[in-house]
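Only one chain is included here, represented as structure tokens and corresponding to the form predicted alone.
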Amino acid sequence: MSRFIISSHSPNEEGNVVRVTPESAGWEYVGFEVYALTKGQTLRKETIDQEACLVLLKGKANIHTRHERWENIGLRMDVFEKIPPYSVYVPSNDVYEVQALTDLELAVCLAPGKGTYPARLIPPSEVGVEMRGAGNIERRIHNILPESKPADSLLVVEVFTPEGNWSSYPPHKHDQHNLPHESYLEETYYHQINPDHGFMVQRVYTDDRSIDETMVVKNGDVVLVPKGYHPVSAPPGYEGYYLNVMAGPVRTWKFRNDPDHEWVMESKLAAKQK
């Protein structure tokens, strides 16, 4: 298996099914966890020096922090309903407690925090929805925590790729601290597949090909993108979902397309406008 794939496992005693830390990934900023909680189960964590974005992938929950409480949040029972999720932003030096009101799949997105912003609910109505690309590189985007919304480090977005389509395409990268042209951002991809016995294909490669891996990704896999371009393909018969977490020294998403393939987007958009 590729060193960039972290596979999910059966829930442990606290419900965790996958975990990425900066230490385990060999980088500095991004952490990511998923919990599969049964109805009535409770998860309690301190954020310490990290901020967190709790994304309710599916199911309903009560969530409270040190100063805030939200009851009976959650709307979708499956990510492929394509309804924007409920999420909760939690600053560093805080605590969160999640009580599952139904079986619950919860993503915990983590990055360094400074305690600048208070805890808040991010309801579906505040999630920006857009269609990006055209033709067989068109995909649906849910901007959960974009750079236009307050946070210290985190950027969080989910993407739906129709069967037979590509996303994160044209291949792009954000691994150089070269503003305003490109920002350095580490990134995780948490994949789900419908039907769940299918697979996605993801490539991670650099200009000099010091990294050049093409991976078969299963349902529940996390792909690490420390640097390089990272396109995704959904084979016929299977639609893909992924939740992206990004963070780096500056909270901005400035990317560079692979110049060999940048023309594809222009070609697809031109065909769409005809």
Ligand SMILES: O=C[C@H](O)[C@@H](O)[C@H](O)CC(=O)O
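The shown structure was predicted, so the numbers you read here are calculated from the model rather than taken from an experiment. In case it trips you up, residue 1 is the first one in the sequence shown, and so on.
Missing here is the form predicted in complex with this ligand; even so, the following discussion is about that form.
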| item | value |
| --- | --- |
| Close approach of residue 183 to this ligand in the predicted bound form, 4.5 Å, heavy atom | no |
| 4.5 angstroms heavy atom contact with this ligand in the predicted bound form for residue 246 | yes |
| Residue 86 within 4.5 Å of this ligand in the predicted bound form, heavy atoms | no |
| Distance check, residue 167 to this ligand in the predicted bound form, heavy atom within 4.5 Å | yes |
| Which of 187-195, 99-107, 73-81, 118-126 sits within 4.5 Å of this ligand in the predicted bound form, heavy atom basis | 187-195 |
| Contact set, 227-253 vs this ligand in the predicted bound form - heavy atom within 4.5 angstroms | 230, 242, 244, 246, 253 |
